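Given next, in structure tokens, is a single chain: the form predicted alone.
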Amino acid sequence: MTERILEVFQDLFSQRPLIAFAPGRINLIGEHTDYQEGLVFPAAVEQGIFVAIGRNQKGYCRLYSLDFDEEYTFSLDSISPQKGHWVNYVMGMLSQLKQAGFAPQSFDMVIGGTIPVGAGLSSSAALSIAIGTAITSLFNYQVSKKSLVLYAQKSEHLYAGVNCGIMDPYASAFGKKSHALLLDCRSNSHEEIPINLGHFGLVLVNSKVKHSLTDSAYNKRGLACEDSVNILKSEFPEIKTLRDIDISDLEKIEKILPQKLFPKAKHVISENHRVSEAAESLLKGDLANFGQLMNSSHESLSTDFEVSCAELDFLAAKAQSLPYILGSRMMGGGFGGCTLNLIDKKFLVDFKIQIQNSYQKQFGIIPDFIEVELSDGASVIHSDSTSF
């Protein structure tokens, strides 16, 4: 991709660009805990977004997307959201940089990626971080990684209309090869946890479905968590979010919360605990226990938080029934997307055959398989930005 994007940029704009790369991410465990200021456990992966950039003297920005095969031109004086358009990610980051006191000049840009569409690897966050890394590096702005992460998050909120959390851009910016990030969504700080899987590996299975009730369901889950906190404050006056409830208090809160709210609160509280335990297990090299925590996470997401679906439940259950799989769970927001599987790599071919045959027979869909390796976060990978 580096060679291709370099060649396209030179053909379009007759100069050699600076090229930045930002990775996508997986989340090892910790779903729907972030908006309760909880713990998550993401890692950057090798697939990601490439952004080539160079200055121009045109007074306006010229963009080209490899994935959409589309050009776009705009003036720095007329930045505003364009409904549903990929250019929002460029404009959004520019808007945040301007608001922070920087004054970018006009530039040329080519964007391309290696993240499979719909794989749940957070291509939008990688795109924002890659754009931010490219622009700040080209103009030599001194912007911290954490500031870039916050710009990316706010850019998605204001320009893409996506009310995302901090995890995705954070993992893309701060990722470290062969490590995952134990990320505290209250303090926005992390601990690097080394990940040594030996002869095991991580494989995503893309269900290729996305059910339409996602947005309304997310909102309902968020409200259920907030309602639970308000009720529990009568007994736990010091709490701010469900993150502040210890798993040892589950029996107590079950007696306090209405039956319709308790399972949702139970998931967030228990999932937070699972994240901490997962980090401890991986530090000890206890892959078997980590796999069991993955399985428990899926059960909780499906039964208690109710954000799974028939396809994800089928894929997780089938994988968990195979002797060479240590753990399998849905990854991401839910109602479709991928399962994450911890597999003995010697059996990868058999795994693909077993899953594809059974899933296709059950749902008439051929799933995609994506092998992932944990990688470093965003960086400049080519810096010779010179005009011919």
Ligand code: GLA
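Numbering starts at 1 and follows the sequence shown. Predicted model, so just to flag it, every value in this text is computed and none were measured.
Keep in mind the form predicted in complex with the named molecule is missing from the figure; the text below concerns it.
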item	value
Single option in Phe363, Tyr60, Tyr35, Phe347 placed near the named molecule in the predicted bound form, where near means a heavy atom within 4.5 Å	Tyr35
Residue among Leu257, Met167, Leu97, Ala279 with a heavy atom within 4.5 Å of the named molecule in the predicted bound form	Met167
Answer range among 66-74, 330-338, 354-362, 50-58 for contact with the named molecule, defined in the predicted bound form as heavy atoms within 4.5 Å	330-338
Close approach of Tyr218 to the named molecule in the predicted bound form, 4.5 Å, heavy atom	yes
